[in-house]
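Given next, in structure tokens, is a single chain: the form predicted alone.
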Amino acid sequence: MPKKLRVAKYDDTIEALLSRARELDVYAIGRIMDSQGRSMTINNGRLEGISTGSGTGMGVSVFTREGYTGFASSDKVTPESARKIVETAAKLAFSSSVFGTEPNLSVFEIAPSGVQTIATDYKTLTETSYEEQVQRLKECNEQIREYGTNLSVRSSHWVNDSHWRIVRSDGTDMSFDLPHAAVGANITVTGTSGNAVSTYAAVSGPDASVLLDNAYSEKLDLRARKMADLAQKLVDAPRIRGGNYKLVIDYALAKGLAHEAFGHASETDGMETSILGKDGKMRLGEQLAAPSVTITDGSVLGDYAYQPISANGMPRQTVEILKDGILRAGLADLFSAAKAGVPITGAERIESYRNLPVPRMTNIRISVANPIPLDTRFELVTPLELREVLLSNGLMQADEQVLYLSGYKGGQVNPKDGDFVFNCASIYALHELENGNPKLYQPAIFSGKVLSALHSILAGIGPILLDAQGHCGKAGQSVPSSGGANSFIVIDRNENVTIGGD
């Protein structure tokens, strides 16, 4: 049964906020957050730390009839505080015209979203046993340490249970919850020469089930076993020779490419300097990737980055940014959509009530048309099996140089030029067999130009996987992000896509 949201009790505060806005003749968007969280770490069998936290607060954006805006927030959620922050925000809005700020009347043109409560049935923290979480995390930590010799394992688990209520002067009153949780393990091996190698395995989802339920536990176990084995082999692995290769990337690295190198470029508040913009407008209708490629962003129930309602109280739309390789839409917020020449898609997100909304991704994924079927579960696919799939489907010749890049370890992107620099967790040379298996190399930089990479996508292999989880930083705010792709993506050799190395 859907839960009762904690923000339901703030009716008096909401009424005070909206009535004060009417008295001052301004339009208001109020945001109330009630958040609870718990995290813990186990380091090599010992409980290293537990933290719990909770917080409530509210922020308000007000708009004058001329379109000037101001913002204020408070840690107190009371009728008195609501009236005060409306007054402060209104003063800022009326005074902002003096400083030459650009007015925007878009807020007066949107339709009311009505009164809705969208509550999930995932467990709240009060329904979750703290003792059971600690015990289970200890067991996971001990189990992973048994997957090799001299493994150092630091396990972590966190749960966040946030309830939100967003109201507007047009009668909109939207309440919803944003549950998310994850469990992961850093696995470190130190070689005889003193060099250390670390790998990471994790699963994510909506609540503590990521740690306590068997389906998630099995997935984490498979991933941790694989990463423990990889860490031990990487200690003695050589470095790959740098250059241009045909590549296979897994869905986690493909999510990184979609999110960092393409998704941010599609956010409409940056269109003046984006590779996807021209003269401030999105390059809609242009072929920017191979015809088989579609890139989609949208909220997924139960996902780590679930976000059904925008920070301005608008339903979050699922958007096909690229469809069949053609740029179709942007991630557009209330205030920058029209300027970019695209419809509003409710893409605004915020980290807390203290922040101003900006367009952000939720779950972004790359899908390739007519993918090659793959029966093996992703966690169990070996580099040798991947090589055989490529050979049997004409995607690789026996003597052709092909690298398989596994895992995503962060990177940087220049949205203006579309240049990206990522790191992976490991590299396998599928053309170079050693003891019957593709040879393993140290991870290396994966860099290039994003549109060149997207144009060079040859095929997708396996089902779409969406749980590549992380956090996205923008405008000083960090929010959960996730996404994925087909299990594997094949990218043709391209002089604008390079693997670093010796």
Partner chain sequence: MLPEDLPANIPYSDFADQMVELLRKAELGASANVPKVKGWRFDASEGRSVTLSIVDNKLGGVYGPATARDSLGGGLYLIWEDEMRSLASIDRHTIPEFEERLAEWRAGAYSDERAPDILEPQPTPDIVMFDPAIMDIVDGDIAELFRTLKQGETELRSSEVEFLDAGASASLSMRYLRNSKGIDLTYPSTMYSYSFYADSLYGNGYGKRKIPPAGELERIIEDVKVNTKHLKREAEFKPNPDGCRIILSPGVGGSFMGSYIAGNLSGSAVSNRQSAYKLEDFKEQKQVLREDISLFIDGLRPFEPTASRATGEGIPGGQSYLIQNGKLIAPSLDLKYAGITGFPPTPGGGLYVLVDDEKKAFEQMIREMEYGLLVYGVLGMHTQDTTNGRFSLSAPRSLVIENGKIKGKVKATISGNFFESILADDTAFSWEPFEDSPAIQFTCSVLVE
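Residue numbers count along the first chain shown, from 1. Every value quoted in this text rests on a predicted model; they were computed, and no experiment measured them.
Heads up, the form predicted together with its partner chain isn't pictured, but that's what we're talking about next.
Annotation: in the model of the complex, residues Ser204, Asn214 and Gly277 none come within 4.5 Å of its partner chain through any heavy atom. With the partner omitted from this view, the residue of Val358, Leu137, Ile372, Leu327 that lies near its partner chain in the model of the complex is Val358 [heavy atom within 4.5 Å].
Among the residues Glu286, Asp75, Glu320, Glu379, the one placing a heavy atom within 4.5 Å of its partner chain in the model of the complex is Asp75. For Leu433, no non-hydrogen atom is located within 4.5 Å of its partner chain in the model of the complex, even though that partner is not displayed.
Contact annotation: Asn437 falls outside 4.5 Å of its partner chain in the model of the complex, judged by heavy atom distances.
Interface residue remark: Phe108 is not counted as part of the site for its partner chain in the model of the complex, having no heavy atom within 4.5 Å. Put simply, Gly55 is close to its partner chain in the model of the complex: some heavy atom of it is within 4.5 Å. Partner contacts here mean any heavy atom within 4.5 Å of its partner chain in the model of the complex, and among 381-389, 149-157, 295-303, 399-407 they occur only in 149-157. Residues Asp269, Gly270, Glu272, Thr273 of 252-274 are found to place at least one heavy atom within 4.5 Å of its partner chain in the model of the complex.
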